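The chain that follows stands alone, in the form predicted on its own, written as structure tokens.
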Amino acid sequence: MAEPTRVDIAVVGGGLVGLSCAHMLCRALPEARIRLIEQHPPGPVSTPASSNFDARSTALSMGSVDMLQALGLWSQICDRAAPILSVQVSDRGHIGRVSYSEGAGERQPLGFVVTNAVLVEALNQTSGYPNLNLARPLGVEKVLPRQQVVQLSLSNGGSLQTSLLVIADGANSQLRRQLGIGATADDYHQHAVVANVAFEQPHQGRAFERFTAEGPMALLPLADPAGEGNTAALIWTRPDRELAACLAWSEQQFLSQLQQVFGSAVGRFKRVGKRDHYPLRRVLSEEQVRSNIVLLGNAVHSLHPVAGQGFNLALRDVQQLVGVLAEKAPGLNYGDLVLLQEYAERQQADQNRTSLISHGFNSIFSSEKKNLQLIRNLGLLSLELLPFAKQGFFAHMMGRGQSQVQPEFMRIARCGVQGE
């Protein structure tokens, strides 16, 4: 039997988190041999994602934008991203509402919204990293922890040994299960119905978070090729019991129901694209590091999409991990347990806070209990009157209450592996 191939770091999962992790590792650790393993082949090249009305989207905090700039990728994305210039939060059927923006006149963006296809297109530009090997389509059949390494049995019959295994294969992580790492789940008994919608009035960079008794509804501004600024990404929380009826609605029925729940802030809704849906649960892994192993992204914490902080938190996790490795790892095993525990300890407060915010928002604002309705409406009204409290509230809601890009990572990333 042939000897297994050996690398320093193997990343399993070629989605947004896995690709971002590979970029950061290559920049910060140019001496490390890195392999990215993804079981699915790259998607076909078709029409530009910016013109695809059905494209799924992600909201990026300004910290995430800083990271993409440090990696030299933002220039490929920015022209196809829509800035979030203000956020409006309201509670349907109640007077509580609050809005927030930064700066006077030319307002500063609070974040950006970009289609996932555009993000993946930029993140797939990995040819400039001589220390990265991209292996796809390739699956991992079995994970065998050994002394100071992890051995992977691959779907092509080969095997691979790595000092550090990064697991980023999603919320239903097969590798997490195979390793016997448990996870706790809070089932919200809700589904997110996601689609792009068009309406009469320009969105003007406004993002909306509208809370209803059935769960939150978000409307995020999108860039559109025509430049009319009247399209947005909709994330509409629906109870499980009502999902089938919602999906069965005709386009006009869907738009009518949406109008009734959302209101007239952007005028009349005129069009809805392809409707997708997925179940909403908070899934938290009971472990995120073991000797030579670290879990990232939805494999370690899958959150409710309210405030849109799942991917942004994952990027902060990656930044923290890469910062620790760049600072501490030279001369050490990249998978040294003490090293990985230090990463987990540094990032724990951010993870806990972000998880509680998304979980708490959904629980409090979905409740029909009169005392909670009163408390949340008084809270929103008081925020409108207290600028400092409002600023702190939206800093956390937009994922900006935490440290952004780690200084050590920023310094190394800007140097890069190409001397730029």
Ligand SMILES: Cc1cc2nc3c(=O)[nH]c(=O)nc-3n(C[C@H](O)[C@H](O)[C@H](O)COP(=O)(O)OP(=O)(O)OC[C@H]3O[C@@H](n4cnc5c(N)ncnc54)[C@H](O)[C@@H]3O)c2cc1C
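Start at 1 and count along the sequence shown; that's the residue number. None of these values were measured; they are calculated from a predicted model.
Beyond the structure shown, there is the form predicted in complex with the named molecule, which is absent from this document and is the topic of what follows.
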query	finding
Non-hydrogen atom contact Phe311 with the named molecule in the model of the complex at 4.5 angstroms	yes
Close approach of Ile37 to the named molecule in the model of the complex, 4.5 Å, heavy atom	yes
4.5 Å heavy atom contact, Pro221 and the named molecule in the model of the complex	no
Exercise: Ala59 in contact with the named molecule in the model of the complex, heavy atom 4.5 Å	yes
Which of 340-348, 243-251, 164-172, 197-205 lines the interface with the named molecule in the model of the complex (heavy atom within 4.5 Å)	164-172
Sole residue of Pro305, Pro83, Gly215, Gly273 within 4.5 Å of the named molecule in the model of the complex, by heavy atom	Pro305
Heavy atom within 4.5 Å of the named molecule in the model of the complex - residue from Ala326, Val143, Leu255, Leu138	Leu138
Heavy atom of each of Ala70, Tyr129 and Gln319 within 4.5 Å of the named molecule in the model of the complex	no
In the model of the complex, residues of 10-40 near the named molecule [heavy atom within 4.5 Å]	Val12, Gly13, Gly14, Gly15, Leu16, Val17, Gly18, Ile37, Glu38, Gln39, His40
